[in-house]
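What follows is a single chain, given as structure tokens, in the form predicted on its own.
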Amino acid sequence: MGQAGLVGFMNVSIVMLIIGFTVLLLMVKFELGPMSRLSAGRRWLMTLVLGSGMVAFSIKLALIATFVHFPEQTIRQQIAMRKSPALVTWDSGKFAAAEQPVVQVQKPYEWRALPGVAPAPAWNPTTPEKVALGERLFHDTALSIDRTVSCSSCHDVRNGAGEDHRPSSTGVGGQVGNRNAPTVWNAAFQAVLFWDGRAASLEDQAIGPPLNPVEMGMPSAEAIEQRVRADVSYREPFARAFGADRPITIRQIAAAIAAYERTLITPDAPYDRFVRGDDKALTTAQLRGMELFQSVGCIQCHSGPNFSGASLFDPPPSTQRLFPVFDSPEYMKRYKLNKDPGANAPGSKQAVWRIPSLRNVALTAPYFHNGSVDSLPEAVRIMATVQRGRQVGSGTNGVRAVVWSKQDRTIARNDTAVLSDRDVDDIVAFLKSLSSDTLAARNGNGG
């Protein structure tokens, strides 16, 4: 309703109020008052009581009139009262007091470092004996039908970043899968595993590849048990890990592999050092990228210390997301982003995928479920376009004020509608800060 409509409504309402009060006053004076034998003062009191609804309505009309006729004088004061106090900003690599008020959300996003220990289920506590056994099983090609493929064949943790740098991995008999092998580093923090999220734990996930006919090709869980039991050198390690005189079962095999994988965590990234208090751990470009990662909305999915809403840290509203959300014929055709529906129904135009972690993402190319993108900047452009609906161009951003509060560990900046090439570079720089120092040194760079 426009201002003119409100004024007309108020005029009619005032006339009706006058008529209503007049009728009510006459009723009390000439009918209710004499019948109740009330004095003049009590007759006025009865009028106000019976007309309380009209009194309240009159007050509301007065407030509406105030805001309609004097909007600037009444509203501007409220805005001034809600201005944020000056915070600490980062400008050209230096901290300074903010001159302009910063809009704060009710609960600012809190940036957190990765813990040094991964949680384990009560029934499968992590022990040194289990970890040692699990490491051996993880690297044992005997768990594949032709003894040529191990877990580490696709998830290289000794020399690589926990994957194989191939669009799709090669399994037994030279067969090639249809999905990219995700890194196993920090998988211990994920609430669901596999690209489509079909495994609820590391223990569940550990049994998948050995039984997959394309990956390791074992015909059954019993066949895996028999293969491990046949190797007498496994008897003592299993006895130390799970107790003597207990038969080797698929449950124990999975438990040992999972225990080993829970030690594959990387809390030694520059980002972690920064959040823990090292102001010099991030460059100016990385700090700008960190804020963009928040303001563009990347944290809506890639949240928490593991940069995945499908992690164990906070109960997620959903561990999976539609992908892509926004249509981009160019990207769909070039990278075949919606060919595989993931956890969605076959033939769906939009796929459903578990939210992957972005830890060490600069070291784990190629990207996406099908490994179709080799470049991290290109992956950022795709995600900004098809997931966040943002335009990506080479325009300028104007003046920006990036605010970092060490005490609250929050960051803020005024949003921009278009992402420039510099914005993309800054986000990429920030993503590189998620790389483990150890893994980055092993790979010769940070991405």
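Note that residue numbering follows the sequence shown and begins at 1. None of the values given here were measured: they were computed from a predicted structure.
This protein has a second form, the form predicted together with a small molecule, left out of what is shown; the following refers to that one.
| request: Select from the listed residues A259, V184, A310, L114 the one whose heavy atoms reach within 4.5 Å of the small molecule in the predicted complex. | output: Filtering the options by heavy-atom distance leaves V184.
| Selected contact from R276, R198, K349, R229, since only one has a non-hydrogen atom within 4.5 angstroms of the small molecule in the predicted complex | Selected option: R198.
| query | in the predicted complex, does G297 have a heavy atom within 4.5 Å of the small molecule? | reply | Yes - in the predicted complex, heavy atoms of G297 and the small molecule come within 4.5 Å of each other.
| field | Proximity of F368 to the small molecule in the predicted complex, heavy atoms at 4.5 Å | value | Residue-level check for F368: yes, a contact with the small molecule.
| How about T410: is it within 4.5 Å of the small molecule in the predicted complex, going by heavy atoms? | Looking in the predicted complex, residue contacts with the small molecule do not include T410, since no heavy atom lies within 4.5 Å.
| said: Against the small molecule in the predicted complex, would A285 count as a contact residue? Criterion: heavy atoms within 4.5 Å. | reply: Residue-level check for A285: no, no contact with the small molecule.
| field | the small molecule in the predicted complex reached by all of V131, L133 and P316, non-hydrogen atom within 4.5 Å | value | Not a single listed residue reaches the small molecule in the predicted complex, so no.
| Pick from 241-249, 277-285, 116-124, 211-219: which stretch has non-hydrogen atoms within 4.5 Å of the small molecule in the predicted complex? | Only one stretch passes the 4.5 Å heavy-atom test: 211-219.
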